[in-house]
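Look below for two forms of one protein chain, each set out as structure tokens: first structure 1, then structure 2.
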Structure 1
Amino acid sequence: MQETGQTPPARPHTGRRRNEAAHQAILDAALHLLADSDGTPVTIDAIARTAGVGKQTVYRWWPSKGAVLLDALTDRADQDVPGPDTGTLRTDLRTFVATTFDAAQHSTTASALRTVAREAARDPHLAELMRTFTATRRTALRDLLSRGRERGELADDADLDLIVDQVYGVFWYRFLLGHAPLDTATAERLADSLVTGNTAD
């Protein structure tokens, strides 16, 4: 208890180079606030104060508040979404959807993701970032479907984008509203109905 209670960060200056410790402190603070936030919007001031950082240091490295939030989220998230490839569409799709649903279920980042999504509704910049953030996963899913169609497991004229949007539509709809579960059973029912509904003949 040597300091006055404000405890200045022990983090040292790094001079002209970017201070990686400050960088991490900001992401930590953002993630922490996002996780705790119960719908309350997270403010830049709060992030900076929590991180023990000047506001300018935040603005120096991120163009908008949303960028910080999303960065905080993706920093920890498993970025590579391989997309299962068992050779059978139904199995692949079941796995993919179940994994997607599951990630939102017990992860500590679920609350953070929800908050970021809500912020994105207001902040066009963040919305764009979200778009590219989700694009990876959408592409993985589309590829999975494409492989299935090539194997003849889907009709040639199946609207792959619509199938993708059904998966992610259901996902976000339930994730944000929380009116119905995103459990494995649901995932499998959804996957099955999508395969059956878009099968050739």
Structure 2
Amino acid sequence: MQETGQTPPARPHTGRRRNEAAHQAILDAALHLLADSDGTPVTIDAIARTAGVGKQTVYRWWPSKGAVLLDALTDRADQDVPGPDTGTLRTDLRTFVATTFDAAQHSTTASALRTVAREAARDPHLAELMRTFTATRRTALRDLLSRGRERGELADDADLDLIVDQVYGVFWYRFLLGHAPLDTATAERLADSLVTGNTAD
């Protein structure tokens, strides 16, 4: 029996954990549905059903299907390709490019990206999703390059946007056509060539 005046023990708060679990379940469901859709539109109803939540739970956090799919892609990219900051541009760039290449070969991610890239040509909503998603990845890489330039590891006039284009140009060309590997050796050679080619004289 509790003594008079004694503070009752705090009950474990599980609401936040349940919310976090539901939030992640929705993102995971959206990504898997996109990967398996083969061009069939992914609906809020399907996302909610796959995640095991009510439709209103989805709408609590996202205003539309596109917003859920964008967050699902971005969440997976943030998990798979964290922005390294070791203090050395060459190491950071090697790591970023290598993890980007590796992440794109995970079956669910690869299938989802191919679906969006393929269907964007005929679905304006997926085209906008693709533009927004790729813009977030470009920003992450550009920030990494900007830090290197501020440390003097790139020339002051180095064209950061062109370097970003070169990284993602190699990535998308090889990813979509499959004519050459997206492996660690390629990532390291690409990163090294970009750093070496853009250092100050």
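Computed from a prediction, not measured in an experiment: that's the story for all the values here. Take the two forms, superpose them, and find the largest set of C-alpha atoms that agree within 1.5 Å; that set is the rigid core. When a residue number appears, read it as a position in the sequence of structure 1, where counting begins at 1.
Form assignment for the chain places structure 2 as the one matching the criterion, namely the form predicted on its own.
Core-superposed comparison between structure 1 and structure 2: CA of residue 109 displaced by 2 Å or more. A displacement of less than 2 angstroms separates the C-alpha positions of residue 173 between structure 1 and structure 2, with the rigid core held in common. Annotation: Cα of residue 124 displaced by at least 2 Å between structure 1 and structure 2, core superposition.
Relative to the superposed rigid core, residue 65 shifts its CA by 9.7 Å between structure 1 and structure 2.
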